[in-house]
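Given next, in structure tokens, is a single chain: the form predicted on its own.
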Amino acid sequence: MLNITCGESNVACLANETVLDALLKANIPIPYGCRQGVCQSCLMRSLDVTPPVAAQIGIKDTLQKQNYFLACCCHPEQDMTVSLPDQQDTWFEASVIQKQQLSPEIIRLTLQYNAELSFFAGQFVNLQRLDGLTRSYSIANSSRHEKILEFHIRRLPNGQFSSWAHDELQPGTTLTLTEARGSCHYLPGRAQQPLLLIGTGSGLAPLYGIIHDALAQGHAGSIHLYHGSRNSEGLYLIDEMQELAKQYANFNYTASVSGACATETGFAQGRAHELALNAVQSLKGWRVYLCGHPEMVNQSKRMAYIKGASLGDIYADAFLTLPH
């Protein structure tokens, strides 16, 4: 008999029971559906040990790496401490050390922290200011940067947090943040696999980190980044991306503008996702990352799947358009 710890509860798990069985028997409310590992409603995370292989079948590899598992398929092999995905908030303090204007709409915010924080470029954290106002932002840098987190924050109309960050937030300010979450990040293991990354606006932030992670880990397959906006003011880090494309033969960068009145030279004309998906005949065997406007992300998911990409190889972050 093994012990399962979930929050303040310690539950005995018999030899023929799954983690889901044991928790439900103890009247701990755990979401579940099919009990066959298909619906993934009972997704949980092990906070201390690696889950059994059978409990991770069908889960994205990026989530497997973070010790997520399906409670209905998990016959534990040792004592486990587990939590639901929305019960993991541990808050850390971080200090703003740099604020840089990347474009008229977007700033780069760099924070330094002292806690032990595990993350991948492309994941997101919740940032909270002193009065409790909280917003989610994607991490734009690799964990190789010692105790540093980088965010690209776009000013949104009537956005409380984004307007404050642009106009009032100064270096030296202390913010609090949660542990990193999300499956939209790079993992090594398929170095020859082609990568397609499509982002709009500040959706470049997670893709920027993913690309640097992939290149630093020796990814040999082709990497294609398409970054789009209605006009050139919504684009940023253009020079850096162009320089990266010169430095790495397998990295290709396309910046595009889609506005009807956009006449800027040096940019592709059209929507980033349409340009990207029309340029590739088949996406079979590719890994696809989509970050930005929800409509773009949803359309691109469908188009990528129709073009042959496996659903398990499509990673998406839809940025809400509500005031931020």
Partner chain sequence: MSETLETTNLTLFEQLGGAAAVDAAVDIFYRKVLADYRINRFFDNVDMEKQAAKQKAFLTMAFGGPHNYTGEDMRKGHERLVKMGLDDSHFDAVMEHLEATLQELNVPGALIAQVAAIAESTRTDVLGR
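Since we're looking at a predicted model, the values are computed, not measured. Numbering follows the first chain given and starts at 1.
Although it is not shown, the form predicted together with the partner chain is what the next lines describe.
- Interface residue among Gly266, Pro294, Gly58, Gly259 relative to the partner chain in the predicted complex, by the heavy atom within 4.5 Å criterion: Gly58.
- Considering the partner chain in the predicted complex, the lone stretch of 61 to 69, 47 to 55, 294 to 302, 266 to 274 in range is 294 to 302 [heavy atom distance within 4.5 Å].
- Residue contact check for Ser310: one or more of its heavy atoms lie within 4.5 Å of the partner chain in the predicted complex.
- Proximity of Gln36 to the partner chain in the predicted complex: non-hydrogen atoms within 4.5 Å are present.
- Using a 4.5 angstroms threshold between heavy atoms, Ile306 counts as touching the partner chain in the predicted complex.
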